[in-house]
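For reference, the chain that follows is the form predicted on its own, supplied as structure tokens.
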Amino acid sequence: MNELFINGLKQRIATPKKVVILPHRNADGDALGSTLALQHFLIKMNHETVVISPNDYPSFLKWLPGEDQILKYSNTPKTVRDKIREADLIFTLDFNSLSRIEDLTEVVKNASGEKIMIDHHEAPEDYAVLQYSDPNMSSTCEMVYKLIKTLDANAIDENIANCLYTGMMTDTGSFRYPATTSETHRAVAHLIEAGANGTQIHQNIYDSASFSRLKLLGITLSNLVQIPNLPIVFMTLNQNELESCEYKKGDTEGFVNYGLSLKGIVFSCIMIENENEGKIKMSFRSQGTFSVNDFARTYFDGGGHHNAAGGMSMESMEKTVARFKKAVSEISDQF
């Protein structure tokens, strides 16, 4: 960890401050786990701390300790804007471009509070006075773990441990992705010793599906298509299919990974229609050397990690599929 970052942070949190902590829009386990863990830690240091989410997030994350205190911009916009404007410090976790908080971008950009970034995605923007950026880390939660351990290892209690374990588990695909290291496992061991209940967390995240979600998974898999002569598959979900299964936020989480369970497949994509926003949300996953981060940035205005990224299309599903097929044909020599 960068000594300049640690010293700068120590200086800024030495006395009580008004602190806002932000995850990205459509927060996942790593975003919520890291923000809540940091909040629990800063509260112990007598900071007035609030987590602000740009919008709602999946119900399977709503058991996290402290989640019920999160302010959602989509529910209370004035209160949220006031909190951000009054903050002395603004932490942004699990994202490195202010565009990831969408409607809050300008509010945060214009706020007088000092911005502090903690994130593990590639190509960070230069908006923070302090930046802890490491794309080699498995998760933002592992970065927050290292940070808290450096500042005060004894502060890691059951609440912090459960939050951090959640993000580390979800962002590593239950500790199977390549970014999972021996250091990750040592951190997890410490979190279990501090009170994290791995079995219960796994059940809360992965074994709480609704009947309609499983029906939606069935539709998704029935829409699975392989690109001829390439180790690439894609899946689609249109608005009618989502509505037929009473879609709720988070229901499609992890669906894209099913493509990689096929023998010989190294690149999987899912395209999900959102008529209200007028776009197709795309998720990309890969195995091995193929970079979906590069692919997303080049063709679909997105980005992320080497083996996990996202993008979007403002075209129809039919045109988006055609564009995807054309894009992979252009890079077929990489497979």
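Numbering starts at 1 and runs along the sequence shown. These figures come from a predicted structure and were not determined experimentally.
One more form of this protein should be noted, the form predicted in complex with a small molecule, which is absent from this view; the next part is about it.
**Q** Which one, 35 to 43, 66 to 74, 49 to 57, 306 to 314, holds residues whose non-hydrogen atoms are within 4.5 Å of the small molecule in the predicted bound form?
**A** Answer to the contact question: 306 to 314.
**Q** Quick one: from Lys115, Arg213, Arg100, Lys83, grab the residue that has a heavy atom within 4.5 Å of the small molecule in the predicted bound form.
**A** Flagged contact: Arg100.
**Q** Is Lys281 close enough to the small molecule in the predicted bound form to count, meaning some heavy atom within 4.5 Å?
**A** Yes, Lys281 lies within 4.5 Å of the small molecule in the predicted bound form.
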